[in-house]
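Shown below, as structure tokens, is a lone chain in the form predicted on its own; questions about how it binds or moves come after it.
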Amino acid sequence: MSDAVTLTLRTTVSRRLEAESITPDAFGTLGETAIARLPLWDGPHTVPLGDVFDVRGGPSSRVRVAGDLAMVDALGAGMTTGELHVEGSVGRYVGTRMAGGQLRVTGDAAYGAGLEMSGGLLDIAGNAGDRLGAGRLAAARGMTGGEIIARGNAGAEIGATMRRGTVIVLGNAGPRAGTGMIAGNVIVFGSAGNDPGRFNKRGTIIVFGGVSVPPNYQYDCTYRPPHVAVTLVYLTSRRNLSLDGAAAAARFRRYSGDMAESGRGEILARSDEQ
């Protein structure tokens, strides 16, 4: 058994490939030859993984993937264990249906990263596209557990229809963050786009930068939420995030909503009041 499996792209991928077979779960019991035979999907057709990637190592549940992966989708889909380290940017649906393990991306991630995730850690060093940690379009339930960190900016509808779990964006988020949230946490350290928390049932949206609170939320109070301070300690000590030292002492304006739903959700907007 080797220390890790390393996949390196042989050539530039010019059209979309579905790579759900690339997971630590699969590689934990397979050697180089068997890994190279695993299928990648090119539309309705399959291509052996070894025709696209140079394969080294195995069996191992520690996997490293390198190359220009912007056209490679669904890396780590459904993974439940191990470590998957992606060097560079990735295509759509990275970590979709992820249930455990750690998936780290050193570049950007496209649409649907962590879609319908139920466990584990997805850590994206760059920007993330639309529907980070959300559900598929028209799905009643999105993310149900786990933790997602996007260290850059994120697109629209992050955390849409999420039931549990946490989505953290260190930069700015696009419009409609937390749309249809059932529960869970969305934390944005930059600004949030228009219409956050529409149809929110019991979820929490925390925004450290600017946010325009929808009119179907009502102001409750301004205070220092204890759970925010605890979360910041966790992020700095366990996730090695460099955060504003004053953030832990910040006060927040609490808004309850969506009043069109149960009114039990909340938006916490950082206040300048001391």
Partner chain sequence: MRRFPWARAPDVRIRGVAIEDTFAEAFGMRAARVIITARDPRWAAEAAREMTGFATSVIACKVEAGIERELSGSETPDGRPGVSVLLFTMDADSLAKRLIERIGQTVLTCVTTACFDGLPNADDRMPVGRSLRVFGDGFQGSKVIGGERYWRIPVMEGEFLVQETFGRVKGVGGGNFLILGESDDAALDAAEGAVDAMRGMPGVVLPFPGGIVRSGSKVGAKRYAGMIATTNDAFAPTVRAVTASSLPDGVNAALEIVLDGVDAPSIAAAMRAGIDAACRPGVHSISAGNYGGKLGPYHFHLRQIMDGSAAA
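Numbering follows the first chain given and starts at 1. Because the structure is a prediction, the values reported are computed rather than measured.
Another form exists, predicted in complex with its partner chain; not displayed. Remarks below refer to it.
Indicate whether the candidate residues Arg104, Tyr111 and Asn127 are all in contact with its partner chain in the predicted complex, with contact defined as any heavy atom within 4.5 Å.
-> Contact check failed for every one of Arg104, Tyr111 and Asn127.
According to a 4.5 angstroms non-hydrogen atom cut-off, is Thr96 in contact with its partner chain in the predicted complex?
-> Taking the distances in the predicted complex, the answer for Thr96 is no, it never comes within 4.5 Å of its partner chain.
Would Glu266 count as a contact of its partner chain in the predicted complex, using a 4.5 angstroms cut-off between non-hydrogen atoms?
-> Although its partner chain is absent here, Glu266 would touch it in the predicted complex, with heavy atoms inside 4.5 Å.
With a 4.5 Å heavy atom cut-off, would you call His45 a contact of its partner chain in the predicted complex?
-> Contact check for His45: no, nothing within 4.5 Å of its partner chain in the predicted complex.
Should Arg202 be classed as touching its partner chain in the predicted complex when contacts are defined as heavy atoms within 4.5 Å?
-> It does: once its partner chain is placed as it appears in the predicted complex, Arg202 has a heavy atom within 4.5 Å of it.
Contacting member of Ala66, Ala229, Ala34, Leu243, with respect to its partner chain in the predicted complex [4.5 Å, heavy atom] | For this set of options, the contacting one is Ala229.
Select from the listed residues Gly174, Gly184, Gly82, Gly135 the one whose heavy atoms reach within 4.5 Å of its partner chain in the predicted complex.
-> It is Gly184 that has a heavy atom within 4.5 Å of the partner.
Residues in which of 202-210, 35-43, 22-30, 55-63 have heavy atoms within 4.5 Å of its partner chain in the predicted complex?
-> Of the stretches listed, the one contacting the partner is 202-210.
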